[in-house]
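Shown below, as structure tokens, is a lone chain in the form predicted on its own; questions about how it binds or moves come after it.
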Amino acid sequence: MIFNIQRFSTHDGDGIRTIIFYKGCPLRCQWCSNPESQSFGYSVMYDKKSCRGFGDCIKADNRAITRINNNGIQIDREIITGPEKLRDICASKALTISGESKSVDELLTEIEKDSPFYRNNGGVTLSGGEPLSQGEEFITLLQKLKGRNINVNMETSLHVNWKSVARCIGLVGTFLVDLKHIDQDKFKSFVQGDSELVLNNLIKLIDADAQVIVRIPVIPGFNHSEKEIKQMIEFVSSLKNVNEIHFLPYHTFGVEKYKSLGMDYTFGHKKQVQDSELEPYIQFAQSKGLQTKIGG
């Protein structure tokens, strides 16, 4: 299941790229900018500012959706049955459904619309959520893209079992690996995951001669200190055949999405990280022989 297709992107890889965003992620990063990507199923999003009170959504599911006087609606997402029926029901687009099932052939059709723009190293970037958490149809897509000589990059946290990673080796041009932290306790507390799983998968992936670029999201209150980031850079510089590291500064672009999903955003009080704050990290990484970049 996907939740977005972004065309003509110049990020997340060389050239002009088509980015496919998959739903479903094993992690729960507190600063996640795409919270709708966390669930493997449909997500019901509601923008109160756009609501005109037409009431069609209530008629469609009056158990889960109720009116609150003149102040819009209240949604009990836990008891919605068949959220797909709500997809196009709201004329004002205040209520939308994130998530759409597409077959491999349907995705290929969408991708091939952009193929004339893939010259000069462009191609497809698979993102999420976590692409490696997808099923066998995902591997079929990779195989067909390879058969069409379409370059593929993949954004991944590597927080999956090794088998899910290994099946993609040889089918993905570059793995863009998010390295969030190397401290087990912090990783578990802020991300609800296992840092050792990520580090072990990263080492195995590199040992398999895969092309890897490491990306560090710089998050205030989590890893945004010289000590922590330098420890991560030291680790990356020790890896064979990893020559490039990207720094992704924290931003608050996803705040409104949390509201529309009825979720709390615990990082809402944090300030965005400015590019200038990354200069000490960049200088240190370059001193270790790594190429650097800010952003994807």
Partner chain sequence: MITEKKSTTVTERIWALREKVLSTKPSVCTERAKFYTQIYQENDDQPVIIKRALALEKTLNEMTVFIDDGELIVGNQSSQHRAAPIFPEYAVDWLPREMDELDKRPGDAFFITVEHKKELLEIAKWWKGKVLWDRGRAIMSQELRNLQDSAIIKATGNLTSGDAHIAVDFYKILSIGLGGYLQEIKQYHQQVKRFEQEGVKKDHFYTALTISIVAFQVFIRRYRTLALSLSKKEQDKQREKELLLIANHCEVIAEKPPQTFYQALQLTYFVQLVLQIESNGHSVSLGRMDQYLFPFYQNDKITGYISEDFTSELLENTWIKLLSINKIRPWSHTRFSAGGPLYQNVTIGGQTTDGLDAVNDLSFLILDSVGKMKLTQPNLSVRFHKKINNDFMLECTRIIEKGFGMPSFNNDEIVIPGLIKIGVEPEDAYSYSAIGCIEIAVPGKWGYRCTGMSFLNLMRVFLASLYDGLDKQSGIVFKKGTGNFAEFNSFEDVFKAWQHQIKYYTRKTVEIDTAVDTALEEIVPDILCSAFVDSCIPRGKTIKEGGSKYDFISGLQVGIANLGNSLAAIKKLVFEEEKITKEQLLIAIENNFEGEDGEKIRQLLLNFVPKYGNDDDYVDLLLRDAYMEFIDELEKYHTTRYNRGPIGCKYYAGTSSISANVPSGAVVPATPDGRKAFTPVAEGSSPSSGTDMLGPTAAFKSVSKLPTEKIMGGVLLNQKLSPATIQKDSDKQKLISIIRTFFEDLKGWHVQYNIVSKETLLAAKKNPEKYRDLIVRVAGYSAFFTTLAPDTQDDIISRTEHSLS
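Numbering follows the first chain given and starts at 1. Remember, it's a predicted structure, so these values are computed and weren't measured experimentally.
What comes next is about the form predicted in complex with the partner chain, which does not appear here.
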Quiz item: Can you say which of 210-218, 161-169, 86-94, 72-80 gets within 4.5 Å of the partner chain in the predicted bound form, counting heavy atoms only?
Solution: 86-94
Exercise. Sort through 258, 235, 40, 54 and report the residue having a heavy atom within 4.5 Å of the partner chain in the predicted bound form.
Key: 54
Exercise. Only one of 143, 149, 184, 120 comes within 4.5 Å of the partner chain in the predicted bound form by heavy atoms, so just point that one out.
Key: 120
Quiz item: Hey, in the predicted bound form, is residue 13 touching the partner chain, heavy atoms inside 4.5 Å?
Solution: yes
Self-check item: Non-hydrogen atom contact residue 290 with the partner chain in the predicted bound form at 4.5 angstroms
Solution: no
Exercise. Answer for residue 1 alone: is it within 4.5 Å of the partner chain in the predicted bound form, judged on heavy atom distances?
Key: no
Practice problem: Classify residue 114 as contacting or not contacting the partner chain in the predicted bound form by the rule of any non-hydrogen atom within 4.5 angstroms, answering yes or no. | Solution: yes
